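Here you get one chain, nothing else, as structure tokens; it is the form predicted on its own.
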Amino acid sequence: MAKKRFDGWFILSIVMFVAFMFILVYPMFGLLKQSVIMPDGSFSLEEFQKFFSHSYYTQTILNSFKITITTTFLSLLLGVPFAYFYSFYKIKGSKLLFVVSILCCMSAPFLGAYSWIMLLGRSGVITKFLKATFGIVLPSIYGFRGVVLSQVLNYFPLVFIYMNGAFRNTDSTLMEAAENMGCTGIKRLFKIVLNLSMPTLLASTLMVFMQSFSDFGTPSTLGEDYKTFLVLLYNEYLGETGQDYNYAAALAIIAVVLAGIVFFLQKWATSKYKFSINALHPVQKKDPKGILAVIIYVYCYLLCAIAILPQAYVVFLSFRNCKGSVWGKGLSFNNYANAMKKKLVLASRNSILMGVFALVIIIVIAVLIAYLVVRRSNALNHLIDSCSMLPYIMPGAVIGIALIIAFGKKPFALTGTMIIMILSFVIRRMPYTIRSATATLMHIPESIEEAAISLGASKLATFVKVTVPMMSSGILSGAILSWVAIVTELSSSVILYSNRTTTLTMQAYVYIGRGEYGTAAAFAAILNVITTISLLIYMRISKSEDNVKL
């Protein structure tokens, strides 16, 4: 019994547990400690009292939830019909629609906010055109309206990706049975299809909610006087008028608690829908006809066109002559020339180098945790799995502050290094790949591994040569999401970066803040190119235009 208990996998479990205690629990404990231990060493809850006793501070939470709930609702409202049309009807150019929609959600959210300012801001192209030509004065893009607009167009594709997978797993016999009983059209969608897809619908709701709540870049770019909780947190930690680290730590703890409550509410709601569907007879796509065809094509193509407009406009602006914040006439490579003088090469190298290192670590962790949870199921391994999901509910700014508190002084002193940046990327983005790898392994019969062992292969050889290759599709699906999230990361990087570790995302954000819009557009365009190439490589390897799994 002792030999079995202390085999290699058990030792690996211990190592993984210790690692997660060090990189997750230890930083969070330091964050909690700083929120209640004052500079003089005394214990106090005054920082929490300060927050809840001032309406200005509590209003930021209300603002955040108002934006987040509205964004989530509208993303579902746009994403579910889009997924339904895409999954159940043959649409010409469907591959293009898929690529465009994925590109929309793979871009850094604040870049969309920046583009909308250029389009619909006070001096925006569309704003000036409508006013000069038709006398139409558009409502302000700044504040609540603009943040929601930018986030919805960035996040509705997440709903589409989730629901497309769920709709594809719907058995056609259930659809036919409902039709035979007189349940068709919209009625069938709500009573049958959405009910069968409810676990996935709730998962997509949580994903959009967490993404919106954790978004720092969009509210800081478009919010102006409409302050959100994450913007308040950033200002308190790195504000120009002074820093209050104890108060910022208290705000970070509040953010984790709020996100945790939402996460467990979603888990509770999902537990009410414990069933699985095996699509023995997948739904066959139909040709839309008549008015329905017009509705489908107009809806899908118009929605994608509006959503991709900010990215396309950023690329255009990157070639337009610009001096500071003043746009000139004509096109040139001047913006790229200026960007070359302002760390374009360094930022590109850092983005790719740190992204690759982080992704390799994430893949290794994901494969090992998936195997421990599925094949070596025990209390310790499930605890490790739970720890690995903690970053899913943590805003990036919280992780950034926690890492600085934990590793900002001796004996570690990692502040300003690539190591702390890579560590933040790994912590922030590993849940995507872990969940995808675990879900894939759960569908692989253990008998295949047993057959390999019975034929003389060692357990290690079976794991490396049989198990891991069979998990490749799930690993790849999660890895592409982790990769794009890494190269477009802002909320933790804005806390952790230095001049030596700056990234393309950070450089774009910095130059937007400085009003050097042409230079910012050049950085943003390069970032868009990297995400586009990443998606095309993924699709080439996976040989499927709609096989991204979340």
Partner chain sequence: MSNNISIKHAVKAYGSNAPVIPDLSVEINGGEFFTLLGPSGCGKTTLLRMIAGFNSIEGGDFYFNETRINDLDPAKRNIGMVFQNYAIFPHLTVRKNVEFGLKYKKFPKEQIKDIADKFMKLMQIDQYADRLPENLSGGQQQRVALARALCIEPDVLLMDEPLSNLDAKLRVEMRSVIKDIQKEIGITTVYVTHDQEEAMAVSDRIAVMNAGVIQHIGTPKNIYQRPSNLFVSTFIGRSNVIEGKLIAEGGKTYIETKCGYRAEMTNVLDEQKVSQDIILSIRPEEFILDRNASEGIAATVNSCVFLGLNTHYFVTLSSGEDVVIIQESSIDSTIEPGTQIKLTLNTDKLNIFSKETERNLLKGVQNDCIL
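Positions refer to the first chain, counted from 1. The model shown is predicted, which means the values in this text are computed figures rather than measured ones.
As for the form predicted together with its partner chain, it is not shown, yet the points below apply to it.
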Can you check 385-393, 338-346, 422-430, 446-454 and let me know which stretch has heavy atoms within 4.5 Å of its partner chain in the predicted bound form?
-> 446-454
With its partner chain left out of view, choose which of 465, 323, 376, 92 has a non-hydrogen atom within 4.5 angstroms of it in the predicted bound form.
-> 465
Name the residue from 259, 76, 470, 194 that puts a heavy atom within 4.5 Å of its partner chain in the predicted bound form.
-> 470
Flag residue 132 as yes or no: does it have a non-hydrogen atom within 4.5 angstroms of any non-hydrogen atom of its partner chain in the predicted bound form?
-> no
Can any non-hydrogen atom of residue 461 be found within 4.5 angstroms of its partner chain in the predicted bound form?
-> yes
